[in-house]
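We've got the same protein chain twice here, in two forms, each standing alone as structure tokens: structure 1 and structure 2.
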Structure 1
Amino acid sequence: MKIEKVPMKGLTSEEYEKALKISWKPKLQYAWDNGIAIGKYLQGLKEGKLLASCCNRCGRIMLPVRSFCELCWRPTDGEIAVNDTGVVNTFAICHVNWDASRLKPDEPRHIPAVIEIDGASKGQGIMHVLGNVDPAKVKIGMKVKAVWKPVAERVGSIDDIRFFEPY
């Protein structure tokens, strides 16, 4: 058996594109339902309230609102408004923007924090950002309060709270 050598030639750009590339315009549609629990929580934010769920079996007050207690594995027993104050549980001082670009030395630092909300059970709270505070003065246990957007600007989002500041 004789093996024939076949001359090889490179692909043209057009042939290469045709062989290795598929082009299409995807139709990207999606829908997301907040659900009953988070829907109530977001409505509360629009009204300037932080809502939490109650479990009458274990006595927990859980934030944000949820449909069932993760400890008792049973439906929650309703919602209550908790304070818009709390204490810093943990925080970070960021030297980069949210898009990972480096902040200039004169730009203010972002300070994301986990805030345990007053009126909710220990360990229950939200992650948000701190404002109106010198980053060097932020401490774990620092008391903070929510700074809300004006009512006309609220849309039912966690961003209805601009930030938390010391008080």
Structure 2
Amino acid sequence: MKIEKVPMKGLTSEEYEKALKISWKPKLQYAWDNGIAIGKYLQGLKEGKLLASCCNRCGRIMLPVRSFCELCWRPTDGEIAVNDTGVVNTFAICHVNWDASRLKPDEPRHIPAVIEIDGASKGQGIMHVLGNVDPAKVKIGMKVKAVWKPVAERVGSIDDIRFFEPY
């Protein structure tokens, strides 16, 4: 048995433009419930606090808040506020939007990062973005601190932290 010739040849961009096609633009809109645990997490953010869940069995302090410990598979035992500082575990400097379109030269680059939060168990990171920093100077292990929106502008969203900046 040999596989030397395979079917299908694909369309060039031109052929694709000309090909008969049917278009559909669905309206896929959702309202996702926060649920109880994340609801508390968001309420904490509104109050300028980063909340973490505790599990008394494994002793972990976990972010974000969750109803159950996924390792012990039992309900968590309450929340505590951890620091709004942390350490950059990893980061990227992104030059493209999700649709593969490119950011314009003068647009600020997105700098997503995984930040291990101080006061939570080791390795408990959250994804956020870095700001107020020269992208070329970002380093793994850098200490960063949350920059909060003014109280009046907070709505109970992860965006209530505008970004993390070095301190």
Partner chain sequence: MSFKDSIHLNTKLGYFEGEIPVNYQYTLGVAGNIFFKTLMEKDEFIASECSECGTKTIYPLIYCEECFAPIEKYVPIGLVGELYSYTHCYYDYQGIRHEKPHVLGLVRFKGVQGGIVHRIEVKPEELKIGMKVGAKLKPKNERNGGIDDIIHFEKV
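By convention here, residues take numbers in order along the sequence of structure 1, the first being 1. Computed from a predicted model, the values in this text were never measured in an experiment. For the two forms, the rigid core is made up of the largest set of C-alpha atoms that agree within 1.5 Å on superposition.
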Note to self: form predicted on its own is structure 1
Is there a C-alpha shift of 2 Å or more at residue 103 between structure 1 and structure 2 once the rigid core is superposed? yes
(Q) Taking 2 Å as the cut-off, check whether the CA of residue 143 shifts that much or more between structure 1 and structure 2 after a rigid core fit. (A) no
| message | Aligned on the rigid core, do the two forms place the Cα of residue 59 2 Å or more apart, comparing between structure 1 and structure 2? | response | no
Superposed on the core, the Cα displacement of residue 32 between structure 1 and structure 2 in Å comes to 2.9
